[in-house]
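Listed next as structure tokens is one chain, alone, in the form predicted alone.
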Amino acid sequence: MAARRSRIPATKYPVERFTLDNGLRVVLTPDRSAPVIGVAVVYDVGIRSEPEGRTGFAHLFEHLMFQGSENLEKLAHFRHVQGAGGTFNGSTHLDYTDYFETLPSNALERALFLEADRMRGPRLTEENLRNQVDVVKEEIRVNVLNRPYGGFPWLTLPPVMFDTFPNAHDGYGSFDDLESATVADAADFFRRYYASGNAVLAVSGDIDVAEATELVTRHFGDVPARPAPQRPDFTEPDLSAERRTSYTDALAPLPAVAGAWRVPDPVTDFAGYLPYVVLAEVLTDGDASRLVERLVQRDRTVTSLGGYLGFMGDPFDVRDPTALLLQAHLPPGGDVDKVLRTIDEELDRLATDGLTDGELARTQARMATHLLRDTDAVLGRALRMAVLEQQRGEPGLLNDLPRLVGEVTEEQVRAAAATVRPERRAAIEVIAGGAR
């Protein structure tokens, strides 16, 4: 009997692309259905770009970009966005850093002015630097040091899997490295990575393309041209034997474990990569998924379970090297070895026996729903298109992702599962030190 295939709805968001003389790439995607816009600027610099001795610098610099700019004093960006009824933020990832706003559409020029002004140059002062070092240190205390499972597994698993500094180091940064950062370091980081030729601007929502093009050119066209730096080669060989370690988390009430397996290059081998994205969902998405049904409901050897592509959890905004991750929390006294053996058994069963009738179609329909929901809002659309342009030069891929997910076959998922072997696994165990 032929496997049922998902009928995946398609989106048809229009895409207009152009490049300014200074190298800034621009993506416009109009949608006049509501008077709202999303504006996103993505710079091609992230955690992997940090030099040794400057761990956490990409994230620290993200903070500095909100501390005033060429024509605006400290906190002015906050005041101008919020005063127009908008919201804003920024985030640092392995392969990029983004800055974004959601605003009423009549505030488009305001948003473009604000982003262009800090692209010309943030206010890099000793006072701003020291203040933001303290802010980042407090963020680390709250999110990692004083939180159960802090940094698990996105900070704790890469140094088990990888050998090179760019892929293995702590992206939040050590306190010593953060405290030793200088204004000169920040200025050099800005000159090197925050060039117009190393950035993408995306605007989505209630815009007229001709008017938006004129406004973008007016505000960004005179940003000094600086070329994009040459991106290093971050590739590493795959594992040939399992790597495993453990640590005690003094705050963790329950044991936990995470495993990771290398996957094909998500940019240059997208067709080979997609089956692993689907596989992660087949294994862990929903109560009917393979591992949830086996480990949580039947065996009760874990209390919660998750699976995803990429250490920061978004399969479509990461470059190579990356991995498929599975993580679980166990009940008190849980047996980590048994959990890992069961995962291996289920992967072998999937590779050998295939999927049940309707299992793949159900998973693909859920995935398509998530993809469509994530880009329904104008900001989600702008962010996704900006990153697709930055990493692939293909922002319109956003429209094709649900369909491409739906075209992955059972044979491809089985073949992917067959490669997820224990000898290719990096694993980390959290020993519960906070159990009572």
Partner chain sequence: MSVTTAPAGPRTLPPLGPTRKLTVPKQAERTLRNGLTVIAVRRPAVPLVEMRLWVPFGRVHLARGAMLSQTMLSGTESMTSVQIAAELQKVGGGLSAGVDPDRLMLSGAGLVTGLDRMLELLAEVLTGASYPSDEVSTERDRLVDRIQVAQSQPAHLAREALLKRIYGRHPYATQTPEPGQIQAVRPAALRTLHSERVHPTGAQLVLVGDVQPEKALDAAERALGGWSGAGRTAELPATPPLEPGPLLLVDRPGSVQSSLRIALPAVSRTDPDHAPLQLANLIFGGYFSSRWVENIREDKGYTYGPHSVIEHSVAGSVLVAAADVATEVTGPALLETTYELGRLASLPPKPEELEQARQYALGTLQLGMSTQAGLAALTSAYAGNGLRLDFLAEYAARLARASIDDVARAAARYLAPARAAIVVLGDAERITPGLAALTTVQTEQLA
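The shown structure was predicted, so the numbers you read here are calculated from the model rather than taken from an experiment. Residue numbers count along the first chain shown, from 1.
One more form of this protein exists, namely the form predicted in complex with its partner chain; it is left out here, but the text below deals with it.
Highlighted residues 9, 13 and 363: every one comes within 4.5 Å of its partner chain in the predicted bound form, counting any heavy atom. Using a 4.5 angstroms threshold between heavy atoms, residue 54 stays clear of its partner chain in the predicted bound form. Contact annotation: residue 158 falls outside 4.5 Å of its partner chain in the predicted bound form, judged by heavy atom distances.
The shortest heavy atom separation between residue 48 and its partner chain in the predicted bound form exceeds 4.5 Å.
Its partner chain in the predicted bound form is not approached by residue 198, whose heavy atoms all lie more than 4.5 angstroms from it. Scanning 216, 181, 350, 124 against its partner chain in the predicted bound form with a 4.5 Å heavy atom cut-off leaves one residue, 124.
Of the residues 97, 322, 204, 102, just one reaches its partner chain in the predicted bound form with a heavy atom at 4.5 Å or closer; this is 102. Contact with its partner chain in the predicted bound form, defined as any heavy atom within 4.5 Å, is confined among 229-237, 307-315, 248-256, 270-278 to 248-256. The partner is not shown here, but in the predicted bound form the stretch 35-62 reaches within 4.5 angstroms of its partner chain through a heavy atom at 35, 36.
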